[in-house]
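To begin, one chain is listed below as structure tokens, in the form predicted on its own.
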């Protein structure tokens, strides 16, 4: 029994010693490998401050030759409408003119047309040259009607078309294309082109007020309160039509006007007519009575309405002498 226990202990000791030796070799091998890696990392490295790069072959860039400006190649007899056919910004290489614009110091020349922002700011009319206008007129001529016969001169067409409409178009550089002053419409015509009687003419002149110029005899209506030009034209024509038709209307109170209410002096409705009839029919026995002449009535009206001047006084004197049959 004791011998078996001793033999078992010896086997255990022998197995333990073999396992310890094997683990020792494994630890030793791992430590040696780590020591080898550390030795490899601690090797002296060479610091190279001058790096050598492989020089690549440069690519040759071919530049096209710069062409001269178009203005130097333009013929004198070219078709300008093909060069500048419509409205566009200024381009110095397309305009064969030595244009200059811009502010400079005193004595210095204005900047040339190249790289000139001032020339590109303003609108130009290079597309509205006489040849271009002539070409456009020829193109739209087929849509026009011939001028009416018998209206060749201004005196001939003024009679059937007495009204003259005046409008203004503006060319400007604003965010909106509609200029605020372009809506204004002015209508002019002569008062002699309208047909009135004595009552209608007097009432019409009082309705229009300052729109009538007595020196030229021209009647003017202006309208600008509407936003569109067509609306202002219709409103001006409405004013003219309304004033004309209203002047022929006789109100009931107009028949009760006395001599003091009259706007102008009228010979037929005043005491001067009765006084002149009394002088002409002094001691007249017949039923037929003499009346003052029409020239005498006009001279009296002119003397009172227009005021006393040399001509009116001389005319009145002449008519009085004729009425009294007094020879000088």
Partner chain sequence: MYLTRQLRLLPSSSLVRHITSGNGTHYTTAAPPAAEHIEIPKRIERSPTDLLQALASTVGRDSTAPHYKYHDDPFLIPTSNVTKRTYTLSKEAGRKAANWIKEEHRELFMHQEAQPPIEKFAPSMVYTEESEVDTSSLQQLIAQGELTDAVLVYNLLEKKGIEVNDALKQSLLELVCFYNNQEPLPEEYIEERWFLQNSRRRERHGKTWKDGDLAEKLYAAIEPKTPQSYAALIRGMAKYLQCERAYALLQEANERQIQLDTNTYNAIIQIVSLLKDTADQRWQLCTVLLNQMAEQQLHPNLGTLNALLECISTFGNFKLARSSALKVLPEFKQLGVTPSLGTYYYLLIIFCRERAPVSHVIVDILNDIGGKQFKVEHPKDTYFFATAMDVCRNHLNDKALAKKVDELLHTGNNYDLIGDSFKESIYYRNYLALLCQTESIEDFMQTYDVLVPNIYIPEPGIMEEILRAIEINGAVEHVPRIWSDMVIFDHTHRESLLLYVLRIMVNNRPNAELPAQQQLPEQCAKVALDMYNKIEESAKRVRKVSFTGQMLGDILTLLVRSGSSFDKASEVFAYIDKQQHRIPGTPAESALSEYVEATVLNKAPSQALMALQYAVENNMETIALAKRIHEGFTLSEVHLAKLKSLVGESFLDK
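Residue numbers count along the first chain shown, from 1. Note that the structure is predicted; figures quoted are calculated from it, not measured.
Absent from the display: the form predicted in complex with the partner chain. The rest refers to it.
On the criterion of a non-hydrogen atom at 4.5 angstroms or closer, are 70, 148 and 168 all touching the partner chain in the predicted complex? Looking in the predicted complex, the three residues 70, 148 and 168 all sit within 4.5 Å of the partner chain (heavy atoms).
Name the single residue among 201, 100, 257, 178 that comes within 4.5 Å of the partner chain in the predicted complex, judging by heavy atoms. Contact check passes for 178.
Only one of 94, 216, 231, 222 has a non-hydrogen atom within 4.5 angstroms of the partner chain in the predicted complex; which is it? Only one option qualifies, and that one is 94.
Could you confirm whether residue 240 comes within 4.5 Å of the partner chain in the predicted complex, counting heavy atoms only? Taking the distances in the predicted complex, the answer for residue 240 is yes, it comes within 4.5 Å of the partner chain.
Test of understanding: in the predicted complex, would residue 140 fall inside 4.5 Å of the partner chain by heavy atoms? Within the cut-off, so yes.
Is there a non-hydrogen atom of residue 144 within 4.5 angstroms of a non-hydrogen atom of the partner chain in the predicted complex? Judged by the heavy-atom cut-off of 4.5 Å, residue 144 is in contact with the partner chain in the predicted complex.
Taking the shortest heavy atom distance, is residue 47 within 4.5 Å of the partner chain in the predicted complex? Output for residue 47 is no: heavy atoms all beyond 4.5 Å of the partner chain.
Residue stretch of 60-68, 299-307, 259-267, 273-281 approaching the partner chain in the predicted complex, non-hydrogen atom distance within 4.5 Å: The contacting stretch here is 60-68.
Heavy atom within 4.5 Å of the partner chain in the predicted complex: which residues of 193-223 qualify? If the 4.5 Å heavy-atom criterion is applied to the partner chain in the predicted complex, 193-223 yields 194, 195.
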